[in-house]
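Take a look at this one chain, the form predicted on its own, written out in structure tokens.
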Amino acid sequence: MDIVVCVKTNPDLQMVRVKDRVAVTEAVPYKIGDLEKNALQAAVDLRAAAGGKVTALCLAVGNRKAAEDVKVALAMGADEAVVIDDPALAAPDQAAVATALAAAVKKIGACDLLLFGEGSTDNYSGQVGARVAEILGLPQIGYARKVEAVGGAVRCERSMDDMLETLEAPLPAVVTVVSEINEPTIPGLMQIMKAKSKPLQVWSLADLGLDAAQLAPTREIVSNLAEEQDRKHILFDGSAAEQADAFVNALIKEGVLGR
């Protein structure tokens, strides 16, 4: 089974500062998102069960070091990697990202299964996997917590509140996974060293038969601000019991607790 896993490198959220309700990402390092790592691990597990090849496909959005960062995917077990890097992709919307990824999948050729994380760490729109499936005309299963190959089909299990749902789709297909699907393996030193010798290609839009005009954003983010917090700065005096009573009364006054 030949599997393509779409991965995205995002700013390390633990390194992001918020100033005047705006995220400051300058000089913040990028890394592969956690859900993308779940998708990679799922692909590696499927390859172990059914054979084949795993290709990591990455779109370099705002990350000039994506070709270096994607080597983590190779260390985790991907057989090869492809990075799409072009100045026109500095700030694409979901439609542009899906168009570029779909073109890359066509260029890669053999692909029985296309895996995504259910959303990216930064914007978490959850749109790209479904958009790529639509462009390629493939069936799509979302929010999979279990994925297995069954003959010429993929069978997935997903949680639906108080029940588990099992779906099956003929291959080739697109599947998005949730974090519950597995615990990604942390690559060891040997895997990291081997990753340096695995095939890694960097493609431009021209290599995909696309141009910047085709990927012009169709939407504009008007505002993206951290939630404004209104702190009351209430001080409680007295004994511990008196402070506890005052704290409870303050919560009741604010409507957090009911009488």
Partner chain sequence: MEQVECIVVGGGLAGLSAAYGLASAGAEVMVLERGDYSGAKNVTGGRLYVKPIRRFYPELWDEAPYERPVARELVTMMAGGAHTTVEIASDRFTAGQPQSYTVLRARLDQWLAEKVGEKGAMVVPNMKVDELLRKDGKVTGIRAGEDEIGAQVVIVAEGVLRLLSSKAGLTSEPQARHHAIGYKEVIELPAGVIEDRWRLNPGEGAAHLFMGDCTKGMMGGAFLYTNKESISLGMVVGMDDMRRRRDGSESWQLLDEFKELPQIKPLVAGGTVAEYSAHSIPEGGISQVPKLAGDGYVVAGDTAGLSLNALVTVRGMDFAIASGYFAAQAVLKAKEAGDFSAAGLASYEASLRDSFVLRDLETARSIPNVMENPRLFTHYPQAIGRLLESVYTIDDQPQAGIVKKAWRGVRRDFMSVATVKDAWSMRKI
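In this text the structure is predicted, and so the values were computed from the model without any measurement. Positions refer to the first chain, counted from 1.
What comes next is about the form predicted together with its partner chain, which does not appear here.
- With the partner omitted from this view, the residue of Ala48, Ala212, Met190, Ile221 that lies near its partner chain in the model of the complex is Met190 [heavy atom within 4.5 Å].
- Candidate site formed by Asp12, Arg64 and Lys196: every one of these residues places a non-hydrogen atom within 4.5 angstroms of its partner chain in the model of the complex.
- Judged by heavy atoms within 4.5 Å of its partner chain in the model of the complex, the contact stretch among the candidates 96 to 104, 111 to 119, 181 to 189, 157 to 165 is 181 to 189.
- Using a 4.5 Å cutoff between non-hydrogen atoms, Lys19 counts as a contact of its partner chain in the model of the complex.
- Residue contact with its partner chain in the model of the complex: Pro29 places a heavy atom within 4.5 Å of it.
- Using a 4.5 Å cut-off on any heavy atom, none of the residues of 133 to 149 reaches its partner chain in the model of the complex.
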